[in-house]
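Let's start with one chain on its own, the form predicted alone, as structure tokens.
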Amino acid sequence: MSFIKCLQLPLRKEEAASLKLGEIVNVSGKIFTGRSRFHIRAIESNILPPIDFASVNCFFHVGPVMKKDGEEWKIVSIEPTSSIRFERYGADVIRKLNLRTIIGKTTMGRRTAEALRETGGVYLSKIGLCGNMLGTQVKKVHDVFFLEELGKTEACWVMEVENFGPFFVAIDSNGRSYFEDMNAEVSDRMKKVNEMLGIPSEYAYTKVNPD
């Protein structure tokens, strides 16, 4: 799989700037995890784990399945969760922590894209590898924060990963979104398809579960 670009964390601004939309990458280095409670507490209550975010600068949107093996924590599964759920707080967290790498699933919105443009960061989205396989790429669990308050799923875990992925660049450091570009292209092609099939421009498709 030599076509996959290998990124070393923390990601340098120059390297982030070189990444192109749709480019396939994996990452090696330290990451930290968080879900809804991390975002809410960080922004609404200014509660943050004691992490050096300059050196651990990759935020993974995940609630891992963990088990204790003696004195060590082990990964059972580490399937990323849908990042669009965090759009309300995502941009504020990026700016607050000066994040350069976000990893999640599917897409994020315009506010997050603008924040990444400001920090020179990128958003990486999952490509169909199951969480059990991703778990084998975690080399060490270094620490966990807020375990008692939030439980294993919502806690903040600090992990070291190696050749972790693959992911693809879904938002680049210029704030361009792969999914926005794709939707615009699909919309443009649909007009041509409708013309080819003789469907009038004013035709409205039936809405499913309309508001």
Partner chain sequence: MISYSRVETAMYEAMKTAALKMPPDVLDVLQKAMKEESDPLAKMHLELSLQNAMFASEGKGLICGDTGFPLFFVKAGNRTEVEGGFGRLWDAARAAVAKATAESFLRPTMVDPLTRSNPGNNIFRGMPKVELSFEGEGNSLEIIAAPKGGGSEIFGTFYKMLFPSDGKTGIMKFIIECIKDGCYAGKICPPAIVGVGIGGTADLCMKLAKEAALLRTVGTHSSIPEIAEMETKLLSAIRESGIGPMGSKGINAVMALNIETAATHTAALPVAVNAQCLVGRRWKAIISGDDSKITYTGTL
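In this text the structure is predicted, and so the values were computed from the model without any measurement. By rigid core we mean the largest C-alpha set that fits within 1.5 Å across both forms. Numbering follows the first chain given and starts at 1.
There is another form of the same protein, the form predicted in complex with the partner chain; it is not shown, and what comes next is about it.
S.K.: Looking at the partner-bound form in the predicted complex, is residue 206 within 4.5 Å of the partner chain by any heavy atom?
M.R.: Output for residue 206 is yes: heavy atoms within 4.5 Å of the partner chain.
S.K.: Taking any heavy atom pair closer than or equal to 4.5 Å as contact, tell me whether residue 119 reaches the partner chain in the predicted complex.
M.R.: Looking in the predicted complex, residue contacts with the partner chain do not include residue 119, since no heavy atom lies within 4.5 Å.
S.K.: Should residue 190 be counted as a contact of the partner chain in the predicted complex, where contact means heavy atoms within 4.5 Å?
M.R.: Yes, contact at 4.5 Å.
S.K.: Could you tell me if residue 166 has a non-hydrogen atom within 4.5 Å of the partner chain in the predicted complex?
M.R.: Residue 166 belongs to the contact set for the partner chain.
S.K.: Of the listed stretches (52 to 60, 156 to 164, 138 to 146, 34 to 42), which one has a non-hydrogen atom within 4.5 Å of the partner chain in the predicted complex?
M.R.: Of the options given, it is 34 to 42.
S.K.: At a 4.5 angstroms cut-off on non-hydrogen atoms, which residues of 114 to 132 are near the partner chain in the predicted complex? List them in order.
M.R.: Heavy-atom contacts to the partner chain in the predicted complex: 126, 127, 128, 129, 130, 131, 132.
S.K.: Would you say whether residue 195 is displaced between the shown form and the other one, judging by a C-alpha shift of 2 Å or more on the superposed rigid core?
M.R.: Passes the 2 Å threshold, so yes.
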